[in-house]
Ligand SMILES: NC(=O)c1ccc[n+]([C@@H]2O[C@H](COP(=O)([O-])OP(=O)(O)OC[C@H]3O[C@@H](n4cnc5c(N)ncnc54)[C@H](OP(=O)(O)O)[C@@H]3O)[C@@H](O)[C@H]2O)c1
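Have a look below at one chain only, the form predicted on its own, in C-alpha cells format.
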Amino acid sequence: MLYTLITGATSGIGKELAYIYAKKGHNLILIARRDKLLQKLKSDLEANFDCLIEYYVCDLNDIEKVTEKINKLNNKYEINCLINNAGIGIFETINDLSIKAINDQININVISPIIITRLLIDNINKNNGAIINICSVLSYLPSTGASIYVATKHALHGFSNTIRLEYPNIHVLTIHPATVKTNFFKDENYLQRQKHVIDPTFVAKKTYLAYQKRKRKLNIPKSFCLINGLYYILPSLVDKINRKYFSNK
C-alpha cells in the first residue's frame, strides 16, 4: 500500500494538497502540530474520498522528535510521494530578528525537510516516487525584511536540484508561488494591499498537475520566471522595483 506524506497539512497549501491528493485516490500520511485539526481533516477526507488517511502530530521545529517520528513511519509505510510543505516566515529586518526567530525558520524550512528526505529517500526511490518541495519566488528573488526566509527557501531549492541529480529515478518538483493567502504575515493588512494574492487551492491544483506531468519546477504565476531571468540581467532595476512594490511585508 503506497502513501503520500504531507507536512503542514492542517492549513493553507498543505490542507488543499491533502484534499486534491485524496480526491485523486492517494492514501495519505498527514503531519502537523495541531491534533484536533488533524483529526477533523482525517474525518472529512475519509467521509468524502475512497482512500486511507493516517495522521501524526509533530512539531517540525523539534529536530529530535522529527527524526524519531519519521524513522517510525519509514519502517511502517511504503511511501511514493513526499511533500515538504510546512514552513514559517518571520518578516523582520535582520537586526530586529531574535535568535529564536532565526533558528525556528531554519529548522522548519530547511533542516526538517532535509532530514525527512534523508530518512525516506530509499523508501521513495524504491517506489520510483516523487519529492515535492514547496519553495517560493523568494527562493530566487530577495525581499527586504525576509533575509532568513529567503535564505531558507534558496537552500531548499538548491537541495532539491541536487537530489534530482543524485536520484534520477525520483521525480523532484519545486513549487515557487508568489504571495499566497496564508497567515504568514505579521502585518494583517499586508494581503489587502497586494494587487495579486494567490488562493492556496489554486496552488494545490497547479502542483498536482505539475506532479502528474513530472515537471521539475513550477512558478506561480508563470510570469515570475521572466522576473527571475531579468534579475540576473538587470539586478539593480529589479531591486528598485522590489523595494517599491514588493518589500513591504
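Just count from 1 along the sequence shown to find any residue number. Bear in mind that the values here come from a model prediction, so they are computed numbers and not experimental data.
If you look for the form predicted together with this ligand, you will not find it shown, but the lines that follow are about it.
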Q. If we take heavy atoms and a 4.5 Å cut-off, which stretch out of 121-129, 93-101, 147-155, 165-173 is in contact with this ligand in the predicted complex?
A. 147-155
Q | Candidate from 81, 108, 141, 116 lying within 4.5 Å of this ligand in the predicted complex - any heavy atom | A | 108
Q) Which one, 217, 205, 65, 34, lies within 4.5 Å of this ligand in the predicted complex by heavy atoms? A) 34
Q. Hey, in the predicted complex, is residue 27 touching this ligand, heavy atoms inside 4.5 Å?
A. no
Q: Flag residue 46 as yes or no: does it have a non-hydrogen atom within 4.5 angstroms of any non-hydrogen atom of this ligand in the predicted complex?
A: no
Q. Is there any non-hydrogen atom of residue 179 lying within 4.5 Å of this ligand in the predicted complex?
A. yes
Q) Does residue 18 make contact with this ligand in the predicted complex, using a 4.5 Å heavy atom cut-off? A) no
Q | in the predicted complex, residues of 36-59 near this ligand [heavy atom within 4.5 Å] | A | 58, 59
